[in-house]
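Listed next as structure tokens is one chain, alone, in the form predicted on its own.
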């Protein structure tokens, strides 16, 4: 019996997780990534809900705990930078989850444990895709056209390959919120808490600890303008103007971003698709369902999606992948639909325009952080939870 061969496009958490499980099940897997080398760093991510079961089955929980960012909880600040509400880590899936790790650390942990049947090639990308029915032909790299049993697209929210294959079936819902992420020098005043500061005109600043001696910062603002489309220096200048009078540590962050080598600007966009597969091509992770940080749990959903996709594929009859892809989607849809349903008024509800709105937001946080209500409030952060049992993984041909 011929060993099935999958091509995974994108060395994302979703792509690496899918490759990990397909490789463990006996598939040959090639991962292609357009970046020239593995990308370390990135912002804080967490492992929540059913993804904890996936991580346990991977045998990587101890590694993730060892690489923890050491964040102790989440604090909401007033105009003077004083904590008026605190949510310590007492709920495994609260605002600060029990398992917090830098994106690059999590991706490298999975990368280093990929089975021998998985090969990863950096500095290349897909140029063309043709579904031939019995196989899919993919052109990538130096115009090489190769045949695969399946193509898995895990390139992220702005996936070009997904748009090429699925076209108008891809719906992109812009949320009117820009987020800029970057690493800045740590100061003696930085603690082990994730600190949230809101300012009028829909602005927010957060600072988070990491495990490398620096601080991970975020600037967020409501805007119809897509700063992510600007050259990075222009986006930095726009952020400096937007946060000039925001208060607290706005000046420190914009100055830090001016020198930071890893600033990333994103205009939050949800991805909605009526189906995540077409013939022998499927999508997973943000390329399929980007929930954005407003929905939360994107990393956990990527890990779950990679496992569930691989599990159903490895249970399929040779070449009979249509039913497996349908089952993968049936299992995942309830989680994704629930996470993408944002509260009415989002993002303005959490990024107020007026001072009165900021005061109201802080009052709600203060009340919610009191001992009788803290656990109830923390449940707002619960994502990637389901009563469904994870499907069992089979070896290819078993």
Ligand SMILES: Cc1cc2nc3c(=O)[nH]c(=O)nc-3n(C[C@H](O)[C@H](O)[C@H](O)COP(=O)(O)OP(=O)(O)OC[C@H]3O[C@@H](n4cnc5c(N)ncnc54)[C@H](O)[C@@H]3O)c2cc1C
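Numbering follows the first chain given and starts at 1. In this text the structure is predicted, and so the values were computed from the model without any measurement.
Quick note: we don't show the form predicted together with the ligand, though the next part is all about it.
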Students should find that, of 339, 69, 369, 43, the residue having a non-hydrogen atom no more than 4.5 angstroms from the ligand in the predicted complex is 43
Whether residue 25 contacts the ligand in the predicted complex should be assessed with a 4.5 Å heavy atom distance threshold; does it? no
So in the predicted complex, is the ligand close enough to residue 160 to count as touching (4.5 Å, heavy atoms)? yes
Just to confirm, residue 328 within 4.5 Å of the ligand in the predicted complex by heavy atoms? no
Test of understanding: in the predicted complex, would residue 19 fall inside 4.5 Å of the ligand by heavy atoms? no
Stretch in contact, per heavy atom within 4.5 angstroms of the ligand in the predicted complex, of 185-193, 314-322, 148-156, 246-254: 148-156
Looking in the predicted complex, is the ligand within 4.5 angstroms of a heavy atom from every one of 9, 14 and 264? yes
Near the ligand in the predicted complex, with a heavy atom at 4.5 Å or closer, the residues from 299-320 are 299, 302
